[in-house]
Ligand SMILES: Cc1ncc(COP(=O)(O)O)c(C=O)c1O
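One chain comes next, on its own, written as structure tokens: the form predicted on its own.
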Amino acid sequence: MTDQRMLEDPEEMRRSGYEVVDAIVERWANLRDGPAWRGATRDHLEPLLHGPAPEEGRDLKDLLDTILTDVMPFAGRIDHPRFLAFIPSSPTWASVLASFLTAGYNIFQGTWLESSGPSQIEVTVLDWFREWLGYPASGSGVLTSGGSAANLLAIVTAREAAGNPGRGTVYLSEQAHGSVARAARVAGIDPERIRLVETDEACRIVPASLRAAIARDRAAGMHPFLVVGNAGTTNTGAIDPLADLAEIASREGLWYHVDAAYGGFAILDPEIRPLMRGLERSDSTTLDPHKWFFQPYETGCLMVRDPVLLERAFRIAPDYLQDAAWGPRHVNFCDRGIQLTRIFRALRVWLSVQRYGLAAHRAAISRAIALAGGAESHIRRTPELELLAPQSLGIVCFRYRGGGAVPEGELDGLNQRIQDEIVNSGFAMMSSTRLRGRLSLRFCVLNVRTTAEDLARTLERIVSVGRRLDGSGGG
């Protein structure tokens, strides 16, 4: 006899499903009215949520109440209009619906055999990305859990394309995302052979320094095989001189990877596109649709100029998958990465673009860049604030300087206290970084809900708190 305990009644499924949808819609409708961040200590949460696994099931409504009361509120509200920390995410409703559908249908998208329709959608989405990047018609890729996974796939592919060289060296900007060096280590590159190349005042990699580093390594008997550029660094949004890096990589016979996880989709903005010149010459590119293409988390992507090289690096053909060989036009996406079991991520992107149109996505990106530019202008005309890096894409780095009476050695601590007070108040969520040894406050503008007023009010709050803390007045 079948055990029915894990099979829900259809009416209960509808009721609980509507309750979840209502909770999400209610949250979205009232985001602006709540805090941008709320956290809790383990001492607070453990008595509410910890304990042994129950032997018998509990009422679903009570469990959902617990989740909505004691779990979900204690997290960064990353789609809040004043969540300006790190690189936030602002998913569309269509992408959320797609996630709900793919979970409910429990799609396995490792092979074409088991997911023909979903695989065709992924092929289509990757073809969109290929066109936007300017890759040749043969280019394609694979959707991943995020930029970290995509960077790992790229580095392994580069290593294999170079013949898995001994004493192989890779070259990164000193502003590169931490996942790139981590991926190189996972791929078996000795940390001592990971070169961090200096950057200029705009935090862009210096081509002459890259050429010199490659020449030194060749003279020392090393095997340079990979250079990584950035199309929008996490720290400042800087875009490396991508065309210059492409020329160096071509001349030196190196694989050229561009980490465009944050900034890549800004190529859709006609004013930004010229800054991305050279991206089309890369051998591989990391993109994160869950950043500036408005998708839920775990929607990343690796694009490659030659997917044959990607499949050569990762394809394994065990006997138990012999039925999945449908021929070269039917992509088995498990052959392009480390996952056999993988979810249907592409539906999120496809449904968003079909629902709102590419023009709406382009306009949202352009608007965020303009808002960041407005914040930079506000900082420049405010005597107590100091710009620490030029605004690039949606990122602005600055600090509170006061009226000039605060000693340089005390500014880091003062800015940290300003940030802590504003974050703990819930008014806005900000993060900091370090630029040339100085602590920098940092805005990342991405959210479609963020307004110029949100940024102005946050900057005014920073000045107000700073004046009070440095004793120069203010509320």
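Just so it is clear, the model here is predicted, and its values are computed rather than measured. Position 1 is the first residue in the sequence shown; the rest follow in order.
The protein also exists as the form predicted in complex with this ligand; that form is not presented, and the subsequent description refers to it.
A.B. asks: In terms of non-hydrogen atoms within 4.5 angstroms, which of the given stretches 141-149, 77-85, 198-206, 333-341 touches this ligand in the predicted complex?
C.D. replies: The contacting stretch is 141-149.
A.B. asks: Just one of Ala154, Ala261, Leu226, Leu279 has a heavy atom within 4.5 angstroms of this ligand in the predicted complex, so which one?
C.D. replies: Of the candidates Ala154, Ala261, Leu226, Leu279, Ala261 is the one lying within 4.5 Å of this ligand in the predicted complex.
A.B. asks: Heavy atom within 4.5 Å of this ligand in the predicted complex: which of Ser366, Ser115, Thr382, Ser179?
C.D. replies: Selected residue: Ser179.
A.B. asks: Contact between Arg399 and this ligand in the predicted complex at 4.5 Å, heavy atoms?
C.D. replies: Arg399: no contact with this ligand in the predicted complex.
A.B. asks: Please determine whether Asp288 contacts this ligand in the predicted complex, using a 4.5 Å cut-off between heavy atoms.
C.D. replies: Contact check for Asp288: yes, within 4.5 Å of this ligand in the predicted complex.
A.B. asks: Can you tell me whether Gly394 touches this ligand? I mean in the predicted complex, with a 4.5 angstroms heavy atom cut-off.
C.D. replies: Flag for Gly394 set to no.
A.B. asks: Thr92: heavy atom within 4.5 Å of this ligand in the predicted complex?
C.D. replies: Contact with this ligand, no.
A.B. asks: Going through 227-259, which residues have a heavy atom within 4.5 Å of this ligand in the predicted complex? Please give them in sequence order.
C.D. replies: Those in contact are Gly232, Thr234, Asp259.
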